[in-house]
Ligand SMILES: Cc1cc2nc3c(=O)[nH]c(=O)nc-3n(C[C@H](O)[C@H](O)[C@H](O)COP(=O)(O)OP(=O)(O)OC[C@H]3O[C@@H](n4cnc5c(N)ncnc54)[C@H](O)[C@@H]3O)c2cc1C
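Only one chain is included here, represented as structure tokens and corresponding to the form predicted alone.
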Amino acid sequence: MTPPARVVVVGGGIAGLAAAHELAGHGLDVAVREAGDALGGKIRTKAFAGATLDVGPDAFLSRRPEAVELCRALGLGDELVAPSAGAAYVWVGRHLRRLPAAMVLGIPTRLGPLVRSRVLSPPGVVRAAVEPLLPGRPLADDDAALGALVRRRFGTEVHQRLVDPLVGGITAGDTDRLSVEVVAPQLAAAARRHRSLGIGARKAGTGGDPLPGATPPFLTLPGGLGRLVEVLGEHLAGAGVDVRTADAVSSLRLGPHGGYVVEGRSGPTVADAVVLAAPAPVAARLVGPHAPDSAATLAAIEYASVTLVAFAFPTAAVGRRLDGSGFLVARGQGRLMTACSWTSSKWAHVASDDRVVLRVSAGRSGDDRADRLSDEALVVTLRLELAEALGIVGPPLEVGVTRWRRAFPQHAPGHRRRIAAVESELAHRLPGVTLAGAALDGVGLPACIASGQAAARTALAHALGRGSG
């Protein structure tokens, strides 16, 4: 009797787990090999100050369907919750200014909310107001840096105080070095439709206030996103998927009769197809002996480091009302923190009458100061900045430091073209080996899940084709 085809997934982050979930139930042997001690990659939930706290991503965008649909498939759809507070601020100069309504990733689509927010100086408002009148052409098919596009149309202040904090906060990146196609595809589409970026965004219907009854833009699970990983792991185990942690893969070899041999810490595994859902440097090392050009492209992808510090303070110690989800910090303000999430205001399941919980981020592309500081020095510096921003006095009740070193891939202009070339070479030199993960097409959970599912479908077709042949 011919044994079933086997697919090995290298990497147990959300992309790899989504790939394994897509592969399960098709009559295959499916194996997951994760180098770390736990599944989930950057999804990590901890007990903190009497609550469950995500110390990686704490929500996902709902306008892309992949994460919502995966939660529903796992029976978690009815548990999804939206933030309690939607308003957010940006720290500019000495003031927290409320971000204006009617924006698309920081691009203002109506002038009134922008003026009332006082985020921009009067000259900055005037410069933004004349954007529809400026000459120009729609964006060509070639990719562009997001920062250059925004400054050309709206000037420096819209870029520095709105777009860069918002997009840079998501990607830990420098928008002057990020692909608009990858990190802001809705802006790229708007720029291709109209010479005016603001008009293009407004015509797309994405710049208005949410309609009553509309799906909230962000969703999470009350037990933290770690619950998604936990239930997904249980589902895979129930489906017979061989999931192993602390099992780093050291090499990928061609098999003696076709297929591949995946050499892990636990030993070799023969596979008909392989999904590489690992960080780009790991994927580069594994494909290097077989596809050197692809390996060089993957190895050249830069990564940024971020440190997240969780604070719990007595409610009475906070000098201002936390009437929103938190604030972003504009680049060039001389501050270490890049964002502060008011977690106990943002999520009802973390709220408490007697304490507030804050998640403070530090570090981004081009700024490694947080990496160079000890945990103690980092906490002291961030406490001083919290005192300035929120009037916090007195010591915290609890502090937790989580360091994500080289965790955020930076998608430079032309990224999709380069990845397409990688995938083309792999299809020729390593048929049945596919890529997935944040390095491909974005750092958000939906993008990672989509990449894992797409890679799984390609691997499935190849593995079943080998079996039928």
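Note that residue numbering follows the sequence shown and begins at 1. Note that the structure is predicted; figures quoted are calculated from it, not measured.
The form predicted in complex with the ligand exists for this protein as well; it is not shown, and the discussion that follows is about that form.
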Next item on the list: Quick one: from 435, 59, 28, 70, grab the residue that has a heavy atom within 4.5 Å of the ligand in the predicted complex.
Entry: 59
Notebook entry, point to check: Do residue 277 and the ligand share at least one heavy atom pair within 4.5 Å in the predicted complex?
Noted result: yes
Check: Going by a heavy atom distance of 4.5 Å, is residue 114 a contact of the ligand in the predicted complex?
Finding: no
Note to self: Can you work out whether residue 247 and the ligand are in contact in the predicted complex, taking contact to mean some heavy atom pair no more than 4.5 Å apart?
What the structure shows: yes
Item checked: 4.5 Å heavy atom contact, residue 282 and the ligand in the predicted complex -> yes
Item checked: Neighbours of the ligand in the predicted complex among 431-466 [non-hydrogen atom within 4.5 angstroms] -> 437, 438, 443, 444, 445, 446, 448
